[in-house]
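In the form predicted on its own, a lone chain appears below as structure tokens.
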């Protein structure tokens, strides 16, 4: 794996600031770039097919000016913002897109995306909401369809050997990211939440081997730091979906706290567990994306009682609160997001039972709303001090 000579944080900052720049370069070199939304897209299959998968992000620092012509304003602001970015040409190098069924905002706007953008390749991945045996079998069948569609796109066979190699590479990427998370356990953490967000975002814009090299370089750089002096700041965890702007971490840490952990879909949700090695690698992928990517849109029934099911659903948060010595949790939920919104009462009660305080914030995926959030976060920190 290539070492980046200790400049990992600077490079992550560059990839964060010019998001998609590496994918654009690879496109110019003749590679095909496929954009995707959501943590439910099986990037391993795209890697195995020799494609460059690029997770799309929005631009919350810019107002939505074009998407509202095509989508109702009650659609998830993240989905509208990303669609707006595509319409503005920020991803004009895409060869296609994959849209997994995570929620109604993605499902019900699939036709709007495909009809408006008219990209050469389009694939809707009909991910089920349950994780029982028949659902895993269904997931397996739609992954096979996905493999077949990519073989038609590339003209090359995507065999089990290639998929297994890709799974191995992405699992290594997950292991490296967990090592980086461990460096946030010190008090104060060796890497700030703002820096961590830039690494997460920069890493998700790269092919997997380059992403792993970047994370490895960041680890090499961060472990050599002297522990910063403590400021008595509270240790905060953030819970939500795609929180891909460092402005949120900047707001929390600017108020005097440390953002030490997350449960978001570009962060810990992606790297908590690895994909099992199975004779048919698609079987391991189907089980992983249905049973181990912990999103509120996938129901994992693990017990006979409400308590057993909430332990299965939120138990990892209790472990994180203990391991990272979390004082308070910010639930950052996108406006109009029903799957996450419906979970708020249960998750709030569960976290409080683990001994941490909770602040629930409705987020409009727009930096213009940050002053309001800053006021709420400041009051929350004052309350738990």
Partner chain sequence: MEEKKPRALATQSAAKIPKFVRSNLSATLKAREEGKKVAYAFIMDGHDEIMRAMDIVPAWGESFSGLCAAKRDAEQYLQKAESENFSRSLCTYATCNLGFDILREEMGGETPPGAPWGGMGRPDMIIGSAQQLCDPRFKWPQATRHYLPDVPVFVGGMYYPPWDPQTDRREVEKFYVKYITEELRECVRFCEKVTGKKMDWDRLEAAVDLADRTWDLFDETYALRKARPTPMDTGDAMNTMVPITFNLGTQEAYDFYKELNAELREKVEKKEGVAEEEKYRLVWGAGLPSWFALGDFQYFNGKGAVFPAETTYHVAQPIDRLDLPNTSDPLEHIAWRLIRYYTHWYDKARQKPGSAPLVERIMEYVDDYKCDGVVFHSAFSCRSWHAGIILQAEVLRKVYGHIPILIMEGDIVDISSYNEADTHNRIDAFIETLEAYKNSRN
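Worth saying up front: this structure is predicted, and the values here are computed from it rather than measured. Residue numbers count along the first chain shown, from 1.
The following text describes the form predicted together with its partner chain, which does not appear among the structures shown.
J.: Candidate spot 26, 33 and 212, all three in 4.5 Å heavy atom range of its partner chain in the model of the complex?
T.: Answer is no for this spot.
J.: If contact means any heavy atom within 4.5 Å, which of 315-323, 33-41, 340-348, 47-55 contacts its partner chain in the model of the complex?
T.: Contact-bearing stretch, as computed: 340-348.
J.: Would you classify residue 134 as touching its partner chain in the model of the complex, given a 4.5 Å non-hydrogen atom cut-off?
T.: The answer is yes: residue 134 has a heavy atom within 4.5 Å of its partner chain.
J.: Do residue 164 and its partner chain share at least one heavy atom pair within 4.5 Å in the model of the complex?
T.: No, residue 164 sits far enough from its partner chain in the model of the complex that none of its heavy atoms falls within 4.5 Å.
J.: Using heavy atoms and a 4.5 Å limit, would one call residue 171 a contact residue for its partner chain in the model of the complex?
T.: Outside the cut-off, so no.
J.: Within a 4.5 Å heavy atom cut-off, is residue 223 in contact with its partner chain in the model of the complex?
T.: Result no; residue 223 lies far from its partner chain in the model of the complex.
J.: Pick from 273, 192, 110, 278: which residue has any heavy atom within 4.5 angstroms of its partner chain in the model of the complex?
T.: Exactly one residue meets the criterion: 110.
J.: In the model of the complex, which of the listed residues (147, 75, 87, 264) lies with a heavy atom within 4.5 Å of its partner chain?
T.: Checked against the cut-off, the match is 75.
J.: So which residues in 354-368, when you check its partner chain in the model of the complex, have a heavy atom no farther than 4.5 Å from it?
T.: Contacting residues: 360, 362.
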